[in-house]
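In structure tokens, the next block holds one chain alone, the form predicted on its own.
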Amino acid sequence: MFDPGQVIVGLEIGTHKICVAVGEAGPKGELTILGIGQCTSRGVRKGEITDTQKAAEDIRTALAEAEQQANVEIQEVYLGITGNHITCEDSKGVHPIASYDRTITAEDMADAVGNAKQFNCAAGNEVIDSVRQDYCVDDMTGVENPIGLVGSVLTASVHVIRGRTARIETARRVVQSMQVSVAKPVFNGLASALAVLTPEQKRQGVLLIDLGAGATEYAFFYGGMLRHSGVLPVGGDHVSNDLACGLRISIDQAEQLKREIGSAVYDAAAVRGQYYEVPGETGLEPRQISLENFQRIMSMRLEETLELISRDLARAETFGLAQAGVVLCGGGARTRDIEKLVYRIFSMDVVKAHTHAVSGPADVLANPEFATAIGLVRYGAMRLQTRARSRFGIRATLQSLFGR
């Protein structure tokens, strides 16, 4: 058995699947994935729980499988959060330096960051994550560590991720109903980034896109800092729904055909005049569907989703400096020719995600669908490492581990 204090569990409640990752943190910060538990998801729509009973049953199944694989008893999880209720924005917190000699301390930094978290926070919302970017001391900008500097006003620039308290609490209570506590809710997009992005990519500039079934998260890093992030309540399920409506086939058939003949790129010359036979359901005769229409519908929905991300990122002035390109994860990263479509829209190199700096089964680490759950484990490992350093008098923050 493993030291329960070093076992960390990430729980992703997805629209298509529930995923539980169990990891062990080593004495030097190394991370090993011990087991993965999965279950097809019910009662979840666009990344949010809509039926607590069904969701609880599926979470219980995934937890049991993960416990069996890892040979542990799960008592606590880091809970992934996504959905249309998530808001991501940059915020500034201003803190006057009140000490007699105007020397900035760690407490002043914490107060400035705290003020940034609470700025413009609407009622019924709570901070899920906050990531420090840099500081301004009076009129001196771009300060990474202001401790020891002399000034009158300290301003902290922080990327703040908030969510609706009621939605987060619903997910928390479903988990707690199984006598499992929630260590902390974590934004899925941030967790995925922790799993698959390297410090060098974050320094050079990189965009992560997590293509899920019910939601698409994205996070843009530059200079080692999280500059922008967001969620779209659109995913692979919407592609399937468009195909089912447009071609008059069932959702199950659309899902199957999406995997068998789907493509993110519409190539009219390659499919013009071609048809594909779809088996009949409930005693009906087989029927032919146009491959040209199929690919057009699928590519249009995917293109629309990516264009929405592109337009949102246009506000980030440094986005054009993303030298490391785009990294794709989530189930949608398996879509045929998705890299071609992403390249066409963002004009950047595109790669599929692979978990880095983590040991474990190769098929798990290479699977882009496990990025969020593994990232949640890494998030927990970072918190353990931060607490350990603090006990020895070394001030450490999660921000220092986000590629810095």
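Numbers for residues come from their place in the sequence shown, where the first is 1. Worth saying up front: this structure is predicted, and the values here are computed from it rather than measured.
Absent from the display: the form predicted together with a small molecule. The rest refers to it.
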Can you check whether G189 is within 4.5 Å of the small molecule in the predicted complex, heavy atom basis?
no
Taking heavy atoms only, is T355 within 4.5 angstroms of the small molecule in the predicted complex?
no
So in the predicted complex, is the small molecule close enough to G246 to count as touching (4.5 Å, heavy atoms)?
no
Indicate whether E48 is a 4.5 Å heavy atom neighbour of the small molecule in the predicted complex.
no
From P146, G163, G214, G205: within 4.5 Å of the small molecule in the predicted complex by heavy atoms is G214
One residue of R102, R167, H228, K258 in contact with the small molecule, assessed in the predicted complex (non-hydrogen atom, 4.5 angstroms)
K258
Option from 83-91, 149-157, 258-266, 306-314 whose residues, in the predicted complex, bring a heavy atom within 4.5 Å of the small molecule
258-266
